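Single chain ahead, by itself, as structure tokens, in the form predicted alone.
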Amino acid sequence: MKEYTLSAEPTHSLWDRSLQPRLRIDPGDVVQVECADASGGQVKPGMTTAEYIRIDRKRIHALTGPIWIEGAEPGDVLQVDVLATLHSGWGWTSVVEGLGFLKERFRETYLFHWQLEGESTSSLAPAIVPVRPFLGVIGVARAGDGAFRTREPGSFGGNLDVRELCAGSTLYLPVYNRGALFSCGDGHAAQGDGEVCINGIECPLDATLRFRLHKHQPLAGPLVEASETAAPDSVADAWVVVETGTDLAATARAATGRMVDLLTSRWGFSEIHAYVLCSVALKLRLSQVVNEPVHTVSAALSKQILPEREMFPIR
């Protein structure tokens, strides 16, 4: 195992499998990935709303990468262990005209600054908001040629905004290209389910990640093994299936169906028993509702109700 550090610059704001990798590593290696905030460093502490309106939105989701994982090929599964995350003591949240879940009600652009005091922030008094940093965008290069904006997530990962992906958690992703071509960014110090006003607490973030590879394993989309130490109001110590789609009900059904498949293939439940278990124990959550026209649904099942197992045993 080797350890590396990858600086944020130069960032990229598109998924494009023709991008040259900035780092090549072997499975088992650890990388400290330095990530700019979602604006690519354009937002600064003390910036005014008038200044914020003029930032270059083509630089939104400034990502660090790509990272080439030796031996990764289409049909494999990339395991990403989030070993640690570290914020820089400040962050921001905005309301953007024409965006957000309540865009018809909140029509004016607004910028709010946060001071992050370790594991909480009291910037929006009298509320005290727990701080549990995670990467909002984390994924591998998409299948197919061309450059794709980062706003829409998918089976490759991407702009998932799943707040269970904090330190101690693990993400499993299907691989679509040689080398996997992993990138990440869009650090959040905190986020509510749905990310309803368009942002969490956006912040620069350093993440320490370990990469493992599982050869020739089927996986339809992102799967999260949530940490026992996730934020108090999030899903902890659970298996979490993540689905994205344009129809919210259909996306929730797809997430539920994937959990049924997981229970039958990994724990040996019959399909009907897996369905019954989901009905009595599954947590369906809206991870994000603002990346219109797509929404992201997380379906979580506590590890406490299932026999312990590794999803993809290390060989």
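Worth saying up front: this structure is predicted, and the values here are computed from it rather than measured. For every residue, the number given is its place in the sequence shown, counted from 1.
Here the subject shifts to the form predicted in complex with a further copy of the same chain, a form of this protein not shown in this document.
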> Of the listed stretches (26-34, 45-53, 60-68, 253-261), which one has a non-hydrogen atom within 4.5 Å of a further copy of the same chain in the predicted bound form?
Replying inline: 253-261
> Which residue, 209, 197, 116, 77, has a heavy atom that falls within 4.5 Å of a further copy of the same chain in the predicted bound form?
Replying inline: 197
>> Can you work out whether residue 163 and a further copy of the same chain are in contact in the predicted bound form, taking contact to mean some heavy atom pair no more than 4.5 Å apart?
In response: yes
> Any of the heavy atoms of residue 152 lying within 4.5 Å of a further copy of the same chain in the predicted bound form?
Replying inline: no
> Any of the heavy atoms of residue 167 lying within 4.5 Å of a further copy of the same chain in the predicted bound form?
Replying inline: no
>> Even though the partner isn't displayed, in the predicted bound form is residue 218 close enough to a further copy of the same chain, meaning a heavy atom within 4.5 Å?
In response: no
>> At 4.5 Å, heavy atom to heavy atom, what parts of 166-190 sit next to a further copy of the same chain in the predicted bound form? List them in sequence order, or say none.
In response: 190
